[in-house]
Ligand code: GLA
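Read the single chain below, which is given as structure tokens and is the form predicted on its own.
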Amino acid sequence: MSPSRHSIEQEAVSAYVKHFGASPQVVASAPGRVNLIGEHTDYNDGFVLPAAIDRATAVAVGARDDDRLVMNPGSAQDASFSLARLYPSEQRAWTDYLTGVASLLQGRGTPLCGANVYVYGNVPRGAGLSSSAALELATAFALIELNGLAIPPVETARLCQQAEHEFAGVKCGIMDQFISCLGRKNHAMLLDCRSLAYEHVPIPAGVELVVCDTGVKRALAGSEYNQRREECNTGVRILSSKLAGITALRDVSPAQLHDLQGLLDPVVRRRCMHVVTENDRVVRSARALREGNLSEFGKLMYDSHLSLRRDYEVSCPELDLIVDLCAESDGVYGARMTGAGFGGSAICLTKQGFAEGVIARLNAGYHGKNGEKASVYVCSIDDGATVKRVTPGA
């Protein structure tokens, strides 16, 4: 069982005291996420269906009497920056996520006070569970509270997305930051990534969610992720010559794409095919959850994975093996890769009481390229980011 959010926050506070020799003033935490369905649709103004999970990053902060931002993630050495000179690092370091958030908060016109920052959490890095968004949101909530700012949650999510664009170099959509900020326990979120209208959709009782980390690490910045975005944009530019008024693949129906597919080269056509059909799958999946039709939901999960493998080409042999092993297991509704791909994690939705059998099958049948085992665990669906003042000695 994963540690509770409260225990993660307490560990961050305790580690801060040990490292900096005083109590922090604020502790904030934000969860990782799984995307149940709707992959690579967010930056195409489409629909997604993520859920926050019970793995989180906590950030404990205390004010300093200078302009330094001093940060530590449990390492021997601090990273220290002047708040007057915050820039992306040349080597794309973990600190970019924090300095990016601080820089953009200051860009709103209010200087921040100097701060000591201690980071602690259990969202695996590079596993497709959005450890970056969890770190960004926890940092933002902590610095906002420490400095007495009033920023609405949706605006905070947007600011964190911008930080990832400008400081981490990843042109991500809004989904990760949005669900980490506004998730609800035992609910998925149907999010319209264009309007940011959202609905919390209850997860039916009697199911378990298994997450399987392949151990294949992804490097999104400078990878094929940004290339996929450009291929989608190319498709929109070409299709707009025949479809007046479209600004994203969100505006294209499956029927329209079928009729106009001859305009597109084979690669761009496959990218567009995935996004257009995936948007349709998300809407149908949310309806299936509302109706308690888990068999239909599971089928759509498998269809999504097949599309990501064949058309969007972001899966990998390890992810495909996990999905195949899940499909062969008893009590499984569906399985698919989650996250941007190129490694990371897959998820599996099972009937209550069948998760352990799936885990046993994955442990027996999965071997990575170097013979390593996958990390497999059952996740519960948790709330979004929270922040609180710390009482010294409490």
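Just so it is clear, the structure is predicted and the values come from calculations on it, not from any experiment. Throughout, we count residues from 1 along the sequence that is shown.
The protein also exists as the form predicted together with alpha-D-galactopyranose (GLA); that form is not presented, and the subsequent description refers to it.
Contact check for Ile174: a heavy atom falls within 4.5 Å of alpha-D-galactopyranose (GLA) in the predicted complex. alpha-D-galactopyranose (GLA) in the predicted complex is not approached by Arg55, whose heavy atoms all lie more than 4.5 angstroms from it. Contact check for Tyr120: every heavy atom lies farther than 4.5 Å from alpha-D-galactopyranose (GLA) in the predicted complex.
Proximity of Tyr225 to alpha-D-galactopyranose (GLA) in the predicted complex falls within the 4.5 Å heavy atom cutoff. Site annotation in the predicted complex: the residue of Gly32, Gly46, Gly339, Gly334 reaching within 4.5 Å of alpha-D-galactopyranose (GLA) with a heavy atom is Gly339.
Note that among 347-355, 322-330, 60-68, 34-42, the stretch whose heavy atoms approach alpha-D-galactopyranose (GLA) to within 4.5 Å in the predicted complex is 34-42.
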